[in-house]
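Shown below, as structure tokens, is a lone chain in the form predicted alone; questions about how it binds or moves come after it.
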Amino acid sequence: MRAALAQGALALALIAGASPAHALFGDDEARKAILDLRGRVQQYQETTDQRLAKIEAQLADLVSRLSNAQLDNQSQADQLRQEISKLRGQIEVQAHELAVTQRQLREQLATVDNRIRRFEPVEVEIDGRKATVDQTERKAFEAALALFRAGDFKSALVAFNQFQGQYPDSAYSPAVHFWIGSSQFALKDYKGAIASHEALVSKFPQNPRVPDALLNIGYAQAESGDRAGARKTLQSLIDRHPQSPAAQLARDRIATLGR
């Protein structure tokens, strides 16, 4: 730009030199006019150079500021990206930890729920009647009954006696009396069998096992030599429960007792 201005000034000087004023003025006046014109051109050039220098300085400052701003913006953008990436990483970690914690809680709750269920009372049917018993109580009774059914009458007797001591008010009590008497009968403890079955008849007269208990009492009396007592018991069974299966067995047994 400066070179263009200098060429412009030189052109003005040449124009001035070629002006018709050379023909109108003398040499001194022409020389003075040229010098004056050159001074004005030089002054104009200096002023222009100063303005250009100022503009260039302002432009350089603006470029510098723009560059700095861009750098600052870039730096801030990089910092923001790093922070966003860091936050995303933290979110992923927290989400993973949350998922693990939820899974562990579900497992713990399931474990606790299973433990609670193992101790929760359950509904069972005993001698045709529904009852609510503890699960440990049910398992103890079933274990003792399994021993009896396996023919281990001695162990069954021990197990039923332990059950009776541990659960004196159990809904299984009539059945426990019956199976204790039955175990004693199998072990030929007829006196004990009679006492156990009589306890069932006395304590639970409406229990559906009463006919079978009376039948076992009659059998035990007969096996122990008390035929009169056996006949009386069996006849009582026939009279009180004539339609029961035990009544028919009682009739058959009476027929074998003789007079």
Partner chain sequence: MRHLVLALLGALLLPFAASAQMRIDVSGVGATQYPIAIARFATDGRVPQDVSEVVRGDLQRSGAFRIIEQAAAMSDTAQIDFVDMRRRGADAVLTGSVARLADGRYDIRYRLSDAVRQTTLGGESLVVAEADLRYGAHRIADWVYEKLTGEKGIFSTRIAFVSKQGSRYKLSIADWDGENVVTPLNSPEPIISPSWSRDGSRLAYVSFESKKPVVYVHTLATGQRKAVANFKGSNSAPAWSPDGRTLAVALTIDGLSQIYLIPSDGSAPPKRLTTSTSIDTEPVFTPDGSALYFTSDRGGSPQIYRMPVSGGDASRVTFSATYNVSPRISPDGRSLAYVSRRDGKFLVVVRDLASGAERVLSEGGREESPSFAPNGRWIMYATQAGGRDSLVAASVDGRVRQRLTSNAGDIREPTWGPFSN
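Positions refer to the first chain, counted from 1. No experiment lies behind these values; they were computed from the predicted model shown. Heads up, when I say rigid core I mean the largest set of C-alphas that superpose within 1.5 Å between the two forms.
The form predicted in complex with its partner chain is left out here; the points below concern that form.
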Though only this chain appears here, would Ser85 touch its partner chain in the model of the complex if you measure heavy atom gaps against 4.5 Å?
yes
State yes or no: in the model of the complex, is some non-hydrogen atom of Arg103 no more than 4.5 angstroms from a non-hydrogen atom of its partner chain?
yes
I'd like to check something about Val158: if you look in the model of the complex, is any of its heavy atoms closer than or equal to 4.5 Å to a heavy atom of its partner chain?
no
So in the model of the complex, does any heavy atom of Asp134 sit within 4.5 Å of its partner chain?
no
Name the stretch, out of 93 to 101, 142 to 150, 115 to 123, 158 to 166, where some heavy atom lies within 4.5 Å of its partner chain in the model of the complex.
93 to 101
Within 4.5 Å of its partner chain in the model of the complex, heavy atoms considered, which of Lys188, Arg129, Lys154, Arg81?
Arg81
For a quick test of reading the superposition: does Gly89 move by 2 Å or more at the CA between the shown form and the other one, rigid core aligned?
yes
